[in-house]
Structure formats: structure tokens, C-alpha cells
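Alright, two takes on the same chain below, each alone as C-alpha cells: structure 1 and structure 2.
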Structure 1
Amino acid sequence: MSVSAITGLALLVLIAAAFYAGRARAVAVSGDKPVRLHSLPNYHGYFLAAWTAIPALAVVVIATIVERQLGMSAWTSAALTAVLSVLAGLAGLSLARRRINTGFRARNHVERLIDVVLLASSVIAILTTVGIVASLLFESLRFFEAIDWRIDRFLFGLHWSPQIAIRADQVGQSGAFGAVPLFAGTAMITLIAMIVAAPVGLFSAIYLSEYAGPTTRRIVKPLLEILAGIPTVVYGFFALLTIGPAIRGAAEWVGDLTGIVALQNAVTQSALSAGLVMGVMIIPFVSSLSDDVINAVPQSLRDGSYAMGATKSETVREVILPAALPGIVGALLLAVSRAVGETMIVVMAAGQGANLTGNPFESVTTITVQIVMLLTGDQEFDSPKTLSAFALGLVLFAFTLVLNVIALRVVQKYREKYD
């Protein structure tokens, strides 16, 4: 076992011992009459555990920083950190234990510490978001500067070829950064996926929550949610080896009968293949979340509707769905975000060609696939080719933000009506 693991185990044991020491100390000073204490004995245990953990963890953080500055060996640094952290924890335990008496407000101190932890967590989340946006924006500005601030060519250009010629004799490596084919491919695949997932997921949620019996629900819902646990690479294999060839064969057969060239030229890796399989993959997101939201609708609304003479279908359509609409919108938004961010299925089922087409039987690509391709391998982060990935990420961020704003407005509108 490594020294770091031993240190962590020792600190856990020390913190647990501090908790029980705090409880025992509180019971002792109360004379076995807890009613004399301001706070319950457990709060005194939490207080001692916290003031044992805080100095110990502070020593670990400081030792890690100092180790990098002094260039100490790993074993020496880990051993020294272990000793110092345990000593700091024991010192904190000793000092905090002296404060325990019948009038000590342990609960107030613990709750104040919890408030600080929650506030720190919120600040970290906000700063993380700000850091992500700042990094995307900074690198995107570098990209726009590299293309002479022709943002219009990036947002509205119809040709995507990020390869740039290194030598003058290279042909066809012009560095065209028109992202419309990527936007169109992403929108097409997402639309196909939602056409599959939205009705199937929502109708299955309505059936399971309002019509299915307890036995059926207990069996069907776990089976449906298994789809969420299948790795995306398995979906990709299924789309490439089964769905894609089946769609191509059916399209060619119909094309031969009708003479439609678009169907006759269908390929195995197509937007339709990727969209259908991706729609199946995100059905559990829509179904499970919608089912939870529908079950959360108060039973009094159903009883009132039945009392007015409404049938079950009328109750579902006129009462339950409007009341659950904010949650359903949230489920659909999550499904859209999941579809937009999917990469593996698109790579295997739709290809990597940046084709601007409205034909779902042709090969297309998405923003996320291009980001992966641009940032993998030996890349130089000073070239427009690599920096374009950050600009694509910024567009994705803006798109997700717009979706969240729309969903928030829907939630606010209908919540006022049904709360």
C-alpha cells in the first residue's frame, strides 16, 4: 500500500475517532443527561470531526504545493505529509474538544460550517463555468484573428476544409472554415433523433404512469432504462453493421422502383442511420424523466378531473400533461443536449464528411465529431485548424444557452398557472 493511501486511511480513522470522541465528551459533561446540552451529542461529534479534518487537509494541500517548489522525492514528501497532517488533525481535535460544555452551541457551529461549504461549492461551480467560457472565448478570438476576423465566413460559409497547406506545392489545402455544413449535419441528426425519441419516450412515460399496472410497470420500466446503460460504441456498431445496410438496401429498392436518384445513391453511413439509432439511445432520458414528472402531478388534479366527468384520456390530455409540461420540456431539453453532444454514433454511423445536404440518406458530420478530429493527434495550438475547434465549442455553448433560456421561459409561464 502506498504512503498516500496510508495517509488517507489514517485521516479517515482519525476523523471517525474524533466524531465518537465528541459525542462521548458531550455525554460526559452533561452527566448522562443530554437534555442539559444546548445541542445533541451528534452535533458535538460533527464539530470535532470537522475541526480534525480541516487542519489535516490544509496541511496536505500546503505540503503538495511546497513539494513542487522544493523538488523533494515522492516517498519523503508523502511520509512527511502523513506525519504532519495527522499531527495537525490531533491538534485540532485537542483544541476543539476543550470547547465542549453544556452551553456550547455545537449545532450553530456545524450549520455555519455547512453554509460555508455550500457557498464554496456554489462559487467553485460558478468560477468553473466562467473559466470554461473564458477559455472558449479567448481561443475563439485567436481563431477569428487568424482568419482576419471574417466571422461571417465562419458562421455562414458553405465549405468546411480546415486543412492548411504547409508547403506552396500542396493543392487543395486552402483552409476553408465555413461551418454551415457542420451546423446542418448536427441539426439534421438531432432532428431525426428527437422525432424518434420524443413521441416514443413521452408516450411510454404516459402509459407507464397512467395506464400500466404495478406488475407491468415494475418489469417494463427497468427494461426500458437498460437502453441508457448500453455504451454508445455498441450503438455505433449496431448502426454501422445493421441499421445502415438495412436503410441503404430499402432506399435502393424504393429508388429503383420510383427512379428517385437520391434514394438510388443511398450510402451505409448516413444521417438517417445515425439519427434513428441515436433516437433509440435517448428514449430512456425522455421516458424516465417524463415519467417522474407525471407521477409528481398531485393526485387531487386527477380526482378533480374525474369528478367533473372526464375520461382518463381527457384527464391525461387536458390536466396532467399541461401540469407536467415544465418537467417534460426539461426532459426534452436534456435529450436534445445529449443528441447534440453525441460523437461515437455519428463517427461510425454518419461518417466524417462535411457535406451540406438535406438528403438524410447521405453522409454528414456534426460539430462534436469535428472538434474531436481537430483536437486529437499531434496538433499545434497556434494554427487556425486547431483553434477552429474552440470556435465550434463556443457555438455549441451559445446554442445550449439559448435552449436553456427557452426552457426557462416555458417553465416560468406554466408554473404560475399550476402552482
Structure 2
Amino acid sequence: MSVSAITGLALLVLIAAAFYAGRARAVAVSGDKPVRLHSLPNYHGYFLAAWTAIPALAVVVIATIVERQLGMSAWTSAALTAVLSVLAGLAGLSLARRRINTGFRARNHVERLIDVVLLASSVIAILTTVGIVASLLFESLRFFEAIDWRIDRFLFGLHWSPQIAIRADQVGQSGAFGAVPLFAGTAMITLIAMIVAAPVGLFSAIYLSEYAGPTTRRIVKPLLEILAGIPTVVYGFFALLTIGPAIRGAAEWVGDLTGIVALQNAVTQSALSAGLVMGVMIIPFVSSLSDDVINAVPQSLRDGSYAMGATKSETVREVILPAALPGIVGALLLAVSRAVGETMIVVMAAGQGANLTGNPFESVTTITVQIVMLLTGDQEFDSPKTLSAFALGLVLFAFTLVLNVIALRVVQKYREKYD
């Protein structure tokens, strides 16, 4: 067992001991009549345990940070951390123990501590966002500095080949960071995915909520949910193994028959295969969001339409869809944001060539694929090649954020309308 494990165990034992010590002490000061205490004996126990744990853990955290700077041997630093943290725990324990008496408001102290812990937990969500924004911005600025602040060339350049920049004599000189092929590839795959997912998702939602009987619903809905639960890497493999070769085969066959060169040159890793499989992945997302939205349309509108002698499809097209439109638009925006940020399917199935092409049978690359390409494998962290991944990340984050904010607003407004 390592020193750190022993330290951890020792601290746990100490904290538990502090709890029992606090409880015993409280019972003792009350003269074995706990009713005379302001707070239950357990709270005195919690109080003491907290005052033991906090200093001890603080020491551990400080020691972990400091030891990196000092460069001590691993064993010495671990042993030192162990001794210091136990000492700090004991100090906290003995100081806090003196405060225990019959009138001591242990519960209020403990509850205040709980409040602080709860608030601190909530703040982590904000810290995460701050961390994302700060790290993306900081590294992106370093990237922009490395390309001499030619942000325009990054955003509007037509040529992407970051590999050039890794040569030492060319650092920061290369004009090969034009991200337009990436944006175009992302847009094409997203478009293909939405062409699949939007109608299929929407029509299945309509069928399930307006046409299907309870039995069909009970069977089909969980099956669609399975589609949503499959990891994206599995979809990627599916595209690589089944859909890619199938599309290529079909395209070559049609190409040979018709003599269309674009089809004859179809490749296995194509925008179409990645987009199609991504569309399948997004179907349950669109259908469950649309289902919620369609079900939120009040029954009275349906009744009104049926009472006029409308058929089901007329009711859906003329009344339900117009009523649900804002919600459906919101759902589709969320789906787009998901498609844009999806990584594994495109990494595995879309290829890597930064082609600026409108041909879905060719391989294209996307923002997420390039982030993965740039950051896997060995590379020093200061080259513009590596930093450009963060600039791409920033673009991705900003784009999806704007989409999400708009989508959530739209859906929110819609909900309020029928609540």
C-alpha cells in the first residue's frame, strides 16, 4: 500500500474518531442528560469531525501544490504530507473540542457549514463555464499571436494544412490555417444529418403521438431510446464497417452505369456516410423533443379541428404543427448544435482530407475532427499547430452556445404560451 493510501486511511480514522469524541464530550458536559444540550450530541460530533477534516484536507491540498515547486522526492513529500495533515487535524480537533458545552449551538454551526458546501457545489457549474471560456480564450489568443493576428485568414482562409507549421523554421509563418474547409465540411455533414434526422424524427414523433396505439407506443419508444443510448464510437464503427462501404459500392455501381465521375470516385470515408449515420444518431433526439412539444399542444385544439370534420393529417398539418412550430424549431436548433459538436462519428467515418468540396461522396473534415487530429499524438504545446485546436474549440463553443441560447429561449417561450 502506498504512503498516500495510508495517509488517507489514517485521516478517515481520525475524522471518525473526532465524531465519536464530539458526541461523547457533549454527553459528558451535559452530565449524561443530553436533553440539556442546545443541539443533539450527534451535531457536536459532526462539528468536531468537520473541524478535524477541514484543516487536514487543507494541508493535503496545499502540500500537493507546493511539492511540485520544491521538487522533493516522492516518498519524502508523501510522508511529510501525512505527518502535517494528521497534525493539522489533531490541532483542529482539540481547538474545537473546547467549545463544546451545554449552550453551544453546534447544529447551527453544522448547518451553516452545509449551506456553504451546497453553495460551493453550485458554483462549480459556473467555474466550469469560466474554465472553458478562459482556457479556450487564452490559448486562442496565443494562437492568434502566433499567426500575427491575422484572424481574418483563420476565419476566411481557404487552405487548411497545419502540418507545415510544425517545421521549426516556419513556426508562426504559415498561411495554412484557413478554417473555411473545416466549416464547410462541418456544414455539409450537419446538413446531411439534419436531412435524415429532421423528417424521420418529426414524422415518428407525429405518428407516435397522433396515430399509434398504446401498444405500439410502448414498444417503439424504448427502441428509439436505445438508439439514443448507443455510444457515438459505436456509430462511428457502424459507419466505417457497414454504411461507408455500402454507400461506396452503391455509388460506384450507379457511377459505372451513368458514367458520373463524382460517383465513380466515391470513397468509403465520405461526408455522406458520416452524415447519414449522424442523422440516425440524432433521430431519437429530434423525435423525443418533438414528441414533448406536440404533446404540449392542448387537446382542445385537436378537438376543435376534429369537430370541424378534419382528418388526422389535416389536423396535424393545419393545427398541431403550426401551434408547435416554435418548439419544433427549438428542437431542431438543439439537434443542429449536437450535430456540429459530434466528434467520434466524423473522426472515424468522414476521413481527414481538408477538401473544399460540394460532393458528399468525397471525404471532408470537420472542426471536431481537426481538434482531435491536432491534439492526439505527440506535439509540443507551444506550436501554433496545437494552439489552433483551441481556436477551433473556441469557434465550436461560441457557435453551439449561441444556438443553444436561442433554442432554449424559443422553447421556453413556447412552454409559457401553453402552460
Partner chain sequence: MTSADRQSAVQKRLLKRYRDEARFRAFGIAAIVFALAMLALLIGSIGSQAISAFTVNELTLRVELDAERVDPAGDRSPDSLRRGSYNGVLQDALRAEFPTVTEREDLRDLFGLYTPLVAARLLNQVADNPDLVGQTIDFTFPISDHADLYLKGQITGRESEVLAGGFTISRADGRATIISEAGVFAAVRDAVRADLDLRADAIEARAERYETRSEAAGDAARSEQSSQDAEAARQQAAALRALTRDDGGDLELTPQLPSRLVRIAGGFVSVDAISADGRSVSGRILVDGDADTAASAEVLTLSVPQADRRFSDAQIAWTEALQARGNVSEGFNTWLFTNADSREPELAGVLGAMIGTVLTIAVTMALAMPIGVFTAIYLEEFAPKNRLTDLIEVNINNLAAVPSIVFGLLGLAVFINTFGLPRSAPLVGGMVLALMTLPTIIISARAALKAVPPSIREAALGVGASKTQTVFHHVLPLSAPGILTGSIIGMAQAMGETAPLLMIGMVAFIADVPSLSLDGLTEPATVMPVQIFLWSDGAERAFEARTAAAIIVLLGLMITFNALAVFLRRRFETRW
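Residues are numbered by position in structure 1's sequence, first residue being 1. This one's a predicted model, so the numbers in the text were calculated from it and none came from an experiment. Rigid core: the largest C-alpha set superposing within 1.5 Å between the two forms.
Note that the form predicted alone is the one shown as structure 1, not structure 2. For residue 48, a C-alpha deviation of 2 angstroms or more is recorded between structures 1 and 2 after rigid-core alignment. Core-aligned CA deviation for residue 210 between structures 1 and 2: less than 2 Å. Residue 85: CA moves 2 Å or more between structures 1 and 2 after rigid-core fitting.
Lined up on the core, residue 404 has its CA atom moved by 5.3 Å between structures 1 and 2. For residue 110, the Cα deviation between structures 1 and 2 after core superposition amounts to 15.5 Å.
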